[in-house]
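In the form predicted on its own, a lone chain appears below as C-alpha cells.
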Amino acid sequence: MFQYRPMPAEHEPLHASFTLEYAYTRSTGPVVGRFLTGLRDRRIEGVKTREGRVLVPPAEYDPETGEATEDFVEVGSAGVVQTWSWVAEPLPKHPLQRPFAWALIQLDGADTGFLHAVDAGDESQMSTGMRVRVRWAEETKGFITDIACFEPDSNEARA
C-alpha cells in the first residue's frame, strides 16, 4: 500500500522558469486575405458554394462537399441574431470593456452565422431574432477588429 510522505527539505525539487513559444508568421491566403481586405474597405464578403450557399466568414472549401470555393459575393453589414450569450464581466482581451453579448449573426445575404460581439447596452435589450448592424472601428486596417462590434439596428422594419 502506498503511503504519502513529504519530501525532506534537503531534497527540494529543482525548478526553473520556462516559456514555450511557437513564434511564426502565417500568411492569410487568397480567401481570408480578401475577406480582411474587404473589412479594411468597410465591406463584408463571403464565398458562394456550388450549391449557392453563401459562407461568411469565407472558407476555402465547402464544409459539406470539400470542393474549393471561388466565387466571392458581398453581403450586408446588418443581419439577424441566431443565438447569443451575455458577458456580464468582460475580460481584458474582450472587444468591449463593458457588458456585451457574443452572438452568432446571420448577415443579410449569408447562409451561415458570423460570431462577433454585440453592444446592446443591457442584457434585456438582447434577443434571438433581433436585427443588428456593424459598428466599424474608427480606423480600419484589415483585421477582424475592423468590425468594432455589432449594435441593435434602429431600422428594424428593414428586412
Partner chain sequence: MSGELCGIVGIGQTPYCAQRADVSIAGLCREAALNALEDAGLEWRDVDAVVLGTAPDMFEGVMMPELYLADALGATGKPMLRVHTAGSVGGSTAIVASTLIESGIHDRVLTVTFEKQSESNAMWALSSKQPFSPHINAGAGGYFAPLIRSYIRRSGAPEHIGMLVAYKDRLNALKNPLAHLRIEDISMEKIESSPMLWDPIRYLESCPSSDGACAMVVAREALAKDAPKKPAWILGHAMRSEPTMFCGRDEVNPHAGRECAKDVFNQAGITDPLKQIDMAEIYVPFSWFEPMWLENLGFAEEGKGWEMTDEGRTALDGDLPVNCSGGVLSSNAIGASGMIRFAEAARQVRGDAGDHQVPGARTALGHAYGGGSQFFSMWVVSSEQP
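Definition used throughout: the rigid core is the maximal C-alpha set that superposes within 1.5 Å between two forms. Just so we're clear, the structure is a prediction, and the values are computed from it rather than from any experiment. Positions refer to the first chain, counted from 1.
The same protein also has a form predicted in complex with its partner chain, omitted here; what follows describes it.
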| item | value |
| --- | --- |
| Non-hydrogen atom contact residue 27 with its partner chain in the predicted complex at 4.5 angstroms | yes |
| Distance check, residue 52 to its partner chain in the predicted complex, heavy atom within 4.5 Å | no |
| Residue 63: touches its partner chain in the predicted complex, heavy atom cutoff 4.5 angstroms | yes |
| Proximity of residue 15 to its partner chain in the predicted complex, heavy atoms at 4.5 Å | yes |
| Listed residue that, although its partner chain is not shown, lies within 4.5 Å of it in the predicted complex (heavy atoms), from 41, 108, 123, 67 | 67 |
| Core-aligned CA displacement of residue 138 at least 2 Å between this form and the one not shown | no |
